[in-house]
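Below you will find one chain, with nothing else, as structure tokens; this is the form predicted on its own, and questions on how it binds or moves follow later.
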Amino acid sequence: MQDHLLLTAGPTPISEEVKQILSHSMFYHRSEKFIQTYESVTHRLQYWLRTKNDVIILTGSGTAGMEATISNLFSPGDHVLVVENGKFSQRWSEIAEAFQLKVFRLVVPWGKSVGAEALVKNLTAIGSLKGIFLTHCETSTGALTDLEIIIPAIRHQTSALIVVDAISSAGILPLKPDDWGIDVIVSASQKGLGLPPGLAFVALNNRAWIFSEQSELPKYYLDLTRARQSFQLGRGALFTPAISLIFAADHVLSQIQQKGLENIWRERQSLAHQFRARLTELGLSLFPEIPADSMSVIKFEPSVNAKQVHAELKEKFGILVSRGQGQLAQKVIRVGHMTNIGEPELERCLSAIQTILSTKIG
């Protein structure tokens, strides 16, 4: 298989050390050593997510964590508000409706970010609201939701659970759920941790666990209460977990703690700003109004087909970026710089884009 420079919006490149760990012989998941490692990963995830609350590890993608949140904390007919500003925030609505929740949508144009005023206005119009779903970094557009400003502004307005998709932001952007008043955080392994896909993480505070006691929706494999009980009883995972990924996660999380999460946040911010300054020098601009530092979503003039740019980056330069989705398919490309990516890789991407555009414009 030919190696490409992986600059997608997820998954991210994995390090040589992680590759070595993943190649080790298989372990028994009920052995004492593995259970100790599982417990270590769980506690390290609290540091990574900046929370003192319970963190549940699930074997599945980030969407599994989203589904688990809805099936464990809500009941049919519950009123929930979803802020939709892209494809992945829409997924909250799709899952909620699949579980027969009553979904109210606050639709924000793609590339825009919701403000506190609009959110408060919608809260007052919905009765008996049980949940509010936000997406920290909307992966389809690269737009940032300013949780630090928004959540304190709405926290005193509602008793609803505030649930945040942090799949493309945890470990990359400043995230302080306990300080900001977030009840539930959902994330995954294949972005800020620099691991392969396969692990989802759900962090829940005490308010969320009270909601779980009242939930009337069916759950089995993704039963968060039973998963917490298994962990508390010293049995490790409820079901057979992604064993190799757990060992790799313990290694990566240990490195993150040694480096310091705040240092990583600053490093990712600096890299994003440098990359975007270079984009400006090339006459290019970003699609989102308020960009998250997880990725740069580059928009092109109508005369340039972004799909063709994406194809040429792959075929001529060996660079994999993410295509635009839905209405943005021919307008943007998405360049990820979440982890295991530095200035040389982004400069190579810039040079390739410059070459492609020069042939189209010239």
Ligand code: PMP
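All values derive from a computational prediction rather than experimental measurement. The first residue of the sequence shown is number 1, and the count goes up from there.
From this point on, the text means the form predicted in complex with the named molecule, which you will not see here.
When contacts are judged by a 4.5 Å heavy atom cut-off, Q36 does not count as touching the named molecule in the predicted complex. Using a 4.5 Å cutoff between non-hydrogen atoms, G336 does not count as a contact of the named molecule in the predicted complex. Residue contact check for Q190: one or more of its heavy atoms lie within 4.5 Å of the named molecule in the predicted complex. In the predicted complex, none of the heavy atoms of F231 sits within 4.5 Å of a heavy atom of the named molecule. Note on the partner interface in the predicted complex: the residue among L81, C137, I182, A170 having a heavy atom within 4.5 angstroms of the named molecule is C137.
Between the options V297, V321, L58, M66, the residue in contact with the named molecule in the predicted complex by a heavy atom within 4.5 angstroms is M66. For the three residues G62, F88 and R91, a heavy atom within 4.5 Å of the named molecule turns up in the predicted complex in every case. Between 144 to 152, 104 to 112, 252 to 260, 160 to 168, the stretch whose residues reach within 4.5 angstroms of the named molecule in the predicted complex through a non-hydrogen atom is 160 to 168. If you take 316 to 344 and check each residue for a heavy atom within 4.5 Å of the named molecule in the predicted complex, you get nothing at all.
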